[in-house]
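Given next, in structure tokens, is a single chain: the form predicted alone.
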Amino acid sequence: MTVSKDDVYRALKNVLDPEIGFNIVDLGLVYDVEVNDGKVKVKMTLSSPSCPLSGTILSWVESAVRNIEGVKDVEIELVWDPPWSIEMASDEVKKALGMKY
């Protein structure tokens, strides 16, 4: 089975940031996804460099991607530039948080 970027984004929508309560895609924490011959690279950040659940969230990301049929390998690149802000979240998340956008 051929893995697509959409497959990966769909899987990552099942990973919730437990502190904020929204999935990591809608929060804007996933900056990019590359798929090449079953090898998936996820470039992402966290809401804070001092996130106490960083290891847990990254293990959930890896598990979600590995569970996609056809995935052979997963690489997660955790970056801090650009730094995440709530402005990167989807309009639905901002609306749910009562933010004007």
Partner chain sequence: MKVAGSLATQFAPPFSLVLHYFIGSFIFNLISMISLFWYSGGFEPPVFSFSYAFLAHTFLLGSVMMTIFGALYQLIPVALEVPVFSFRIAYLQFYIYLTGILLFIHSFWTGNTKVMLTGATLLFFSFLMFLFNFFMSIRGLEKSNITARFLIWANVSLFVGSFIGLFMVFSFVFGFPVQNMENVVYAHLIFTLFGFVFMVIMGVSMVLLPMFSLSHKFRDIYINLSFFVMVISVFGGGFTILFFGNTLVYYSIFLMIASAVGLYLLQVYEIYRKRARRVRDTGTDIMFSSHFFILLFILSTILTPLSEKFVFASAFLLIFGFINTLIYGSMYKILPFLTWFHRFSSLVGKKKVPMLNEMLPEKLPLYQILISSSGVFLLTVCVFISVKPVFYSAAAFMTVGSLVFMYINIYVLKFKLEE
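Everything quoted here is computed from the prediction, not taken from an experiment. Positions refer to the first chain, counted from 1.
What comes next is about the form predicted together with the partner chain, which is not displayed.
W60 within 4.5 Å of the partner chain in the predicted complex, heavy atoms: Looking in the predicted complex, residue contacts with the partner chain include W60, since a heavy atom lies within 4.5 Å.
Given that the partner chain is not shown alongside this chain, does M1 nevertheless sit within 4.5 Å of it in the predicted complex, heavy atom to heavy atom? Flag for M1 set to no.
Does the partner chain come within 4.5 Å of any heavy atom of D37 in the predicted complex? Although the partner chain is absent here, D37 would stay clear of it in the predicted complex, with no heavy atoms inside 4.5 Å.
Is D91 near the partner chain? Define near as a heavy atom within 4.5 Å, in the predicted complex. Although the partner chain is absent here, D91 would stay clear of it in the predicted complex, with no heavy atoms inside 4.5 Å.
Could you list which residues of 27 to 62 come within 4.5 Å of the partner chain in the predicted complex, counting heavy atoms only? Residues within 4.5 Å: S47, S48, P49, S50, C51, P52, L53, S54, G55, T56, L58, S59, W60, E62.
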